[in-house]
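Just the one chain here, laid out as structure tokens, in the form predicted on its own.
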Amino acid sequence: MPVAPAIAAAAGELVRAGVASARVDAEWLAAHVLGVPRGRLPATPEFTAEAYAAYRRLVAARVRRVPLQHLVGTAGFRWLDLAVGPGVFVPRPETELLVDWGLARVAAAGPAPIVVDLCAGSGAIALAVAHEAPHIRGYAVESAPEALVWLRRNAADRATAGDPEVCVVAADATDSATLSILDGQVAVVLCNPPYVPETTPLPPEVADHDPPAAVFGGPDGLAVIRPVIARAGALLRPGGWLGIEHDDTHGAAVPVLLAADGRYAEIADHPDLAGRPRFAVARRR
């Protein structure tokens, strides 16, 4: 089967299924099956019969709104390809902006700063920071057993690739005992917690495949953010920084929570690339 018409047909099916990135997804699935970079698809004229059958199975699954990342087994995040699948939240591009901000804080934090990723999921934040700032001491905290499988796998893969080891901590990010040995010593805390209000309608890729506990943050979306702010306040050293992602309806609410805590100064909110409120930051007094 010729590759180009097969991709065009698949893209049409995905459009009809409501997939927003239909053409891109059809190409990624083809590249995955063929074992070539997506940019090499024009130079790959034919599917074998076996490869075409595999491609059609993947397209059918994507039509059912199985996430693309689950089908190819990885999610790109900054410079990394992270293993993902059922049981772990798929990292999103908007979280890369929080990492950008965190890296700037790390650069000014002196030698061997401690960086903690709370609600780490796949480990995207901690592992990206360690990859780009290898002088850090990194910790990734996650409590869900299913997510921990992916986190440990990704941490081991990155260590094998030569990145500094990130310590995986199986614990509740909101528990006062979690990493209490580091209280008052952490330079940067970064967090992408569950923050979607419970009644928010979501696309099938999220509603049916991301773990609900990694998505929803109670009726107002702030049920995890509140105790994370408190825990980060204990972990951070004076002058240390917290960056926490939030729902686009929380642009005012999260800065108010940070101010009410009393331990934070220089509180600000940052937008994503679409101009929506996306993450709040604050400095420990």
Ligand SMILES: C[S@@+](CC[C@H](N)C(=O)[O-])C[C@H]1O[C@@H](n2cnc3c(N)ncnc32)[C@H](O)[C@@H]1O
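We number the residues from 1 along the sequence you see. Keep in mind it's a predicted model, so treat the numbers as computed, not measured.
Another form exists, predicted together with the ligand; not displayed. Remarks below refer to it.
*Asks:* Given the stretches 101-109, 179-187, 143-151, 129-137, which is the single one in contact with the ligand in the predicted complex, using a heavy atom cutoff of 4.5 Å?
*Replies:* The contacting stretch is 143-151.
*Asks:* Find the only residue in L202, A213, A159, V72 having a heavy atom within 4.5 Å of the ligand in the predicted complex.
*Replies:* Answer to the contact question: A213.
*Asks:* Under a 4.5 angstroms heavy atom criterion, identify the one residue in A171, A207, A83, L97 near the ligand in the predicted complex.
*Replies:* Selected option: A171.
*Asks:* Kindly indicate whether I225, G251 and V254 are, all three, within 4.5 angstroms of the ligand in the predicted complex, using heavy atoms.
*Replies:* No.
*Asks:* Would V115 count as touching the ligand in the predicted complex under a 4.5 Å heavy atom rule?
*Replies:* No, V115 is distant from the partner.
*Asks:* Any chance A124 has a heavy atom within 4.5 Å of the ligand in the predicted complex?
*Replies:* Contact with the ligand, yes.
*Asks:* Examine C119 and determine whether its closest non-hydrogen atom to the ligand in the predicted complex is within 4.5 angstroms.
*Replies:* Result yes; C119 sits at the interface with the ligand in the predicted complex.
*Asks:* So which residues in 87-115, when you check the ligand in the predicted complex, have a heavy atom no farther than 4.5 Å from it?
*Replies:* Result: F89, P91, T95.
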